[in-house]
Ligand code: UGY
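Just the one chain here, the form predicted alone, laid out as structure tokens.
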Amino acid sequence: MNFPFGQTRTRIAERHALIAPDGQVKSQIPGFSGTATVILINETMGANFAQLLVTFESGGRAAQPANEIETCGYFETGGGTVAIGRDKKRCGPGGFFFSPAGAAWSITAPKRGTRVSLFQKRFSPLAGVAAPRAIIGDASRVKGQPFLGDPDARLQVLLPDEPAFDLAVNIFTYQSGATLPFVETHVMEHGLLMLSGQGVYRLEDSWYPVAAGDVIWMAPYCPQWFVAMGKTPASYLYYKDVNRAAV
């Protein structure tokens, strides 16, 4: 969709943002070659994590060395070979991975046009708890559960809900007309990608029409609510920080 004469749906506020596809600009990232990479959310915005969208050319590659950063990736389209340390697996659409801090990871041999969303943050260790393990999985094998008993709003939890993990990445799918049951206000920060469908997102006191391809940032304690609209289900992928006390 084109917005001529300097118009855009993108809105950047102090504690939330809607980032529409029409204004996205590519960045050069060390370790990424044969890719178009967009840094959608990071610390310069005020966030405590980064969200990137990586689109691969044939022969493209993304790789990062072992460091204090943990990475979760989700294959929106296409496919590629994910390696985390000695673990290696081919992923297709809906494939996902988690690379813990201290492990090197890479995506190689991608199909042309493959789109991968990455969520990255500095790991916060928890005293007396072992570090989280590497994971390479497939969202199609993760059963969606009714959210707070609503069968029209189903949540797929991609990463284990264990104290070792200080982040969660989930997929939320709503039938048309389904909503979050109340306006949420919580300590957890979110990064979100609309995967399919459309709806309206309330962020603080603003209401935004959203559709597939849109990205949303929600700071801690940003009031938030969603309703799915249209003739098809709406689905989004989202990140949140978990299992750590803020001090």
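So that there is no doubt, residue numbering starts at 1 and follows the sequence shown. Please read these numbers as outputs of a predicted model, since none were measured by experiment.
The discussion below concerns the form predicted in complex with the named molecule, not included here.
In the predicted bound form, at least one heavy atom of residue 224 sits within 4.5 Å of the named molecule. Although the partner is absent here, residue 52 is not a contact residue: none of its heavy atoms lies within 4.5 angstroms of the named molecule in the predicted bound form.
The shortest heavy atom separation between residue 32 and the named molecule in the predicted bound form exceeds 4.5 Å.
Contact annotation for residue 184: at least one heavy atom lies within 4.5 Å of the named molecule in the predicted bound form. Of the candidates 40, 180, 194, 69, 180 is the one whose heavy atoms come within 4.5 Å of the named molecule in the predicted bound form; the others do not. Judged against the named molecule in the predicted bound form with a 4.5 angstroms heavy atom cut-off, the residues 174, 218 and 240 are in contact without exception. Only one segment in the set 43-51, 186-194, 24-32, 206-214 has any non-hydrogen atom within 4.5 angstroms of the named molecule in the predicted bound form, and it is 186-194. Shown here without the named molecule, the chain has only 201 in 199-213 lying with a heavy atom within 4.5 Å of that partner in the predicted bound form.
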